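Just one chain follows, in the form predicted on its own, and it is written as structure tokens.
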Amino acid sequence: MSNAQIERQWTSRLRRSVVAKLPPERMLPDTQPAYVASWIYVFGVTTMAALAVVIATGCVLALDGPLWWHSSSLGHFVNSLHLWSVEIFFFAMVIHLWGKFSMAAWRGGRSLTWVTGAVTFLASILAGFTGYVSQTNFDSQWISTQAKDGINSTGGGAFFNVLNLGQMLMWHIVLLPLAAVVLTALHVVMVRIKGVVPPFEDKAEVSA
């Protein structure tokens, strides 16, 4: 096979496109602009760290089925870690989201970066909701019975039955975490491709 034929292969074209958009020095940079030294980016990293703990503790909870943590001291501990990592996840994500909104982070062709972050937030809300109705206790029963009428009124109850524990549990441990992880990874890649949004220009300096 000649070099020209190799260069026309889809794998060669895909590799060149990926390297052109995201070279190694941009994917794993050694330095960042001075304005990245801001607490708003700390909350973004905190969100990802909390997500990692949520996934890890969720995997431990899934090892022995959906009931064992109610009667096990270890289960209570891991369940508490799972709960509080979710609390930190949402707290940090909301601060990061509103901080980037106030900075108009979609500037400079970064609209897709902003959209992936916002959609991740929406997917995470659904993940949190399905987690509440999958607790297998009276709290989850009350939440599901109160939510079913609202969801049924939209027609969504035909596909999303909150009284079906098996369905809600699978949404919570498979589909929605997968969506959150994929969207988070895509969000980080988009940040690497487009770079961190710079601060607003000083109008006084611009006019001068």
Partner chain sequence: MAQGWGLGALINLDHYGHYIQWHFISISVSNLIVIILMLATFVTALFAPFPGRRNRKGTK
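All values derive from a computational prediction rather than experimental measurement. Positions refer to the first chain, counted from 1.
Missing here is the form predicted in complex with its partner chain; even so, the following discussion is about that form.
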property	result
Contacting member of Asn161, Thr46, Ser38, Ser140, with respect to its partner chain in the predicted bound form [4.5 Å, heavy atom]	Ser38
The single option of Gly150, Gly156, Gly166, Pro33 touching its partner chain in the predicted bound form, heavy atom within 4.5 Å	Pro33
Interface stretch in the predicted bound form with its partner chain - options 51 to 59, 179 to 187, 166 to 174, 38 to 46, non-hydrogen atom within 4.5 Å	38 to 46
Proximity of Val94 to its partner chain in the predicted bound form, heavy atoms at 4.5 Å	yes
Residue contact check: Gly128 to its partner chain in the predicted bound form, 4.5 Å heavy atom	no
Residue contact check: Gly99 to its partner chain in the predicted bound form, 4.5 Å heavy atom	yes
Heavy atom within 4.5 Å of its partner chain in the predicted bound form - qualifying residues of 182 to 198	none
